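Below sits a lone chain in structure tokens, taken as the form predicted alone.
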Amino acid sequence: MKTSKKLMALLLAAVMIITSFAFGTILTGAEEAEKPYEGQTVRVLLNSHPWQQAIEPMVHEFEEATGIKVEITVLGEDIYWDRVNLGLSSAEPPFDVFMLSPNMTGYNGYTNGWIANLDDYVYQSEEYDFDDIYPYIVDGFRFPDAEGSIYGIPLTMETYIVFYRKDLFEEQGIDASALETMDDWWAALDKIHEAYGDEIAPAVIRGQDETMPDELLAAVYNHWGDKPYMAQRMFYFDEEWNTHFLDDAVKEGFADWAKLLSMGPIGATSFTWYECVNQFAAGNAATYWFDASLFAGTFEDPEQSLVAGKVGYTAPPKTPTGNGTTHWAWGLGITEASPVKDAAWQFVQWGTSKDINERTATATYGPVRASTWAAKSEEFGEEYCKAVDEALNISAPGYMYFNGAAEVTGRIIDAVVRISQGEDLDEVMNWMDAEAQAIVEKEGLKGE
């Protein structure tokens, strides 16, 4: 995957020329190329995210190249999804382009016809090279069938891995590369706790975060083994909507998450990903579990992290019954009601192009194009690339959407926190199973 610097310079120059041509910036003689959407305005709603932070300073380039004005609104994730839902469901959405994920918001948008079908756009330009984007990531945006139409274009991906402090592990004589199982890691965390007490928490992990159940799927799959499961219902419901929360693999996954949560800093049960990232970047935790590989971009940035250069990466360790994780992706979608769909596509095409994917890669550490991984693997580092590669080889898409899914995930959060605070695992999981059964029955899913 290594490429010489000279060759990379030539390739990058070629990509920039091609991209410029695609967006009308090359001059032929004294005549400027046509700008068919000049004067139109595209309203873009973005979640506060490393990709968003990287792309905003570049937007003027798109505006100058196309003559299209871009109005960007950025919201924190705590309110972002509510605004997307409200906007999509309105007769005149206040945005044309938005960050989309294969979650319940995307599913609701698809089922209600609020998100534009992009099939007619993706192969308009050979230079765009849509096939360079990993197909298994694209498939997450084909609601709900992997053989169906495309409703979003991936811009960054993440798989759930384990981050650890190399310096602390070395201080305690722990060889992280030799830790192959969860039991190995439990012993290492106990040793870390004995050495640093309350000064440095052994672990940090998401608590009462509405997105936590997405990552929790990784912990469950790590125990699941080769048993079948249904995509979009994941490990919790079968074909008849019978519940699986009493399955040993599900219980063990919940137990692992709860145990790690109990090892966290003060207040960990209420941590969202934001607090987790800040705690680890500030040096307050020795490990960060089952979370997005893209956070490496923050941890390796000395301006954002006190542990830059001290972070190690590994795929989730094996359990006696399995070894797995899940992955997630962000993309760009277009509202079906947008009055400027063609201009909106120009922004989506630019924002997900080879050039931009490569230029934002260092911020996200999660490019979605094969060409970008080839160009950036040396910069990302061997251990990080190895961890991501190994994780993706044992990964399933962590997308769960069906009517009632939001209620189920809310109960999941409650169950994990209760277990972390010392309540009996079996009692809590019996409660969880009964709650899930009641929800699917209320939604009329039984018997479908």
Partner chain sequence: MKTEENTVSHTVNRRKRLGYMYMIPSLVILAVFVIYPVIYGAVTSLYDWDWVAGIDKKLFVGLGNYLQIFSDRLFWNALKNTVIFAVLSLLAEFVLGLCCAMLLYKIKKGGVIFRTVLIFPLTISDMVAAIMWRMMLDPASGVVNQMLRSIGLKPVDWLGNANIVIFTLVLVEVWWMTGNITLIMLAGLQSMPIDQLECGQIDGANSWQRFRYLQWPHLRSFAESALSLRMIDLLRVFAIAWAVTQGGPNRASEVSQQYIYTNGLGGYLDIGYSIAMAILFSVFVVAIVAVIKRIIRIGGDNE
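Every value quoted in this text rests on a predicted model; they were computed, and no experiment measured them. Residue numbers count along the first chain shown, from 1.
Although not depicted, the form predicted in complex with the partner chain is the subject of the following passage.
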Handout entry: Val59, heavy atom within 4.5 angstroms of the partner chain in the predicted bound form
Key = no
Practice task
Please check if Ser89 has a heavy atom lying within 4.5 Å of any heavy atom of the partner chain in the predicted bound form.
Solution key: yes
Handout entry: Heavy atom of Lys442 within 4.5 Å of the partner chain in the predicted bound form
Key = yes
Problem - is_contact(Phe271, the partner chain) in the predicted bound form, heavy atom dist at most 4.5 Å - result: yes
Exercise for the section: May I ask you to choose, among Glu171, Asp190, Asp175, Asp78, the residue with a heavy atom within 4.5 Å of the partner chain in the predicted bound form? Expected result: Asp78
Fill in the blank from the handout: the partner chain in the predicted bound form has a heavy atom of only one listed residue within 4.5 Å, and of Leu392, Ala54, Ala406, Cys385 that residue is Ala406
Completion exercise
Here the chain appears without its partner; judged in the predicted bound form, the stretch of 123-131, 261-269, 229-237, 337-345 with heavy atoms within 4.5 Å of the partner chain is 261-269
Problem - Complete contact of Thr111, Glu275 and Arg411 with the partner chain in the predicted bound form (any heavy atom, 4.5 Å) - result: yes
